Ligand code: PMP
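This document opens with one chain alone, in structure tokens, the form predicted on its own.
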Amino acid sequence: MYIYLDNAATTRQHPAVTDVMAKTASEDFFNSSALYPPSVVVKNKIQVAREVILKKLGGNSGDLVFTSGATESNNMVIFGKATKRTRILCLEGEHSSVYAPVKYLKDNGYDITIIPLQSDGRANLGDIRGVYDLVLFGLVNSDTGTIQDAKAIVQSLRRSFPKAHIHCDATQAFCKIPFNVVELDLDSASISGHKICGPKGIGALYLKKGVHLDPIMLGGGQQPIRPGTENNPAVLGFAKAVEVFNTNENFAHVSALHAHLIKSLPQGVTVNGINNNPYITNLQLSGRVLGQTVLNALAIDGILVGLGSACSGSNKSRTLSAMGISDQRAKQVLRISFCPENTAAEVDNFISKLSEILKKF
């Protein structure tokens, strides 16, 4: 039996989600675009799922487009808004599903500004200068868990660039920390099912009412700007995950685990980034031991941890580099990320094994 402490990479699917998906796959398998009664029933259930998720986002008046995940959602915004005249601002350290398309545009002559992070992982609003049409930022960093001050960022941008499209990658924040897309005045936001004990391969893009994006795929008219037959089991499973994920109770539970983790850390092990999010903690190891070495040793004992974003494609973290951490030190980290299923006993086991391993180096 594993002790799983890499929930920022993905989470175990909740049994209630699995039940809904199985029932949907066997009973509500109809194409929601067809016109006969069973398909109309499915179409209505998908609309209810959309409303459940919109309500959780606080964006009841907006639109929600179901996608294959946050990666597709982020790409839909970036390529759906970018033209050769579009001036784009992006924070350094963003998830690769934001950073990679932005870098592609930059390499192809687009006007891109990427601003660095402070040593605590937060953006410095003083670095935001110039005029921008599209602004991209993550609410919670997937490497360090640092929560950006979204309200301050958006308010500052709105004063300077009232017509800019502001997009938030809310993948690591959705359901875990309270936020409201309308109160934050976001034009769009991306979310994903598998970060909250929901199914993989399903995400969504919130769009403020009236916001226009050029489609990046062409086909049928199943959803605005996103063609393709809806994945009924995944959509309804996503909504069920939102329903059963209790934000306040889970935050309190995970906060207690996080506090226990921090007070129990072996001597010399510190935390990278401001410690304002209990779900994700980036640990800086002492000495010269590599994170990969410790990860492998922990895995032998059935304890699974991360090094950083599972989508980064390398051991080097752009987030840590942007925070001024050297490449060598950036290789000496572990990412611990909790879910509501984790226990204090699992934290104790992790700390005990980590201490044993570090004593060998």
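In case it trips you up, residue 1 is the first one in the sequence shown, and so on. These figures come from a predicted structure and were not determined experimentally.
Beyond the structure shown, there is the form predicted together with this ligand, which is absent from this document and is the topic of what follows.
None of 168-176, 120-128, 152-160, 282-290 except one has non-hydrogen atoms within 4.5 angstroms of this ligand in the predicted bound form; the exception is 168-176. Heavy atoms of every residue among G69, N74 and H194 are located within 4.5 Å of this ligand in the predicted bound form. Shown alone here, S142 lies within 4.5 Å of this ligand in the predicted bound form, counting heavy atoms only. Proximity of Q148 to this ligand in the predicted bound form: non-hydrogen atoms within 4.5 Å are absent; the residue sits far from the partner. Not displayed here, this ligand is kept clear of N231 by more than 4.5 Å at the level of heavy atoms in the predicted bound form. Contact check for S97: a heavy atom falls within 4.5 Å of this ligand in the predicted bound form.
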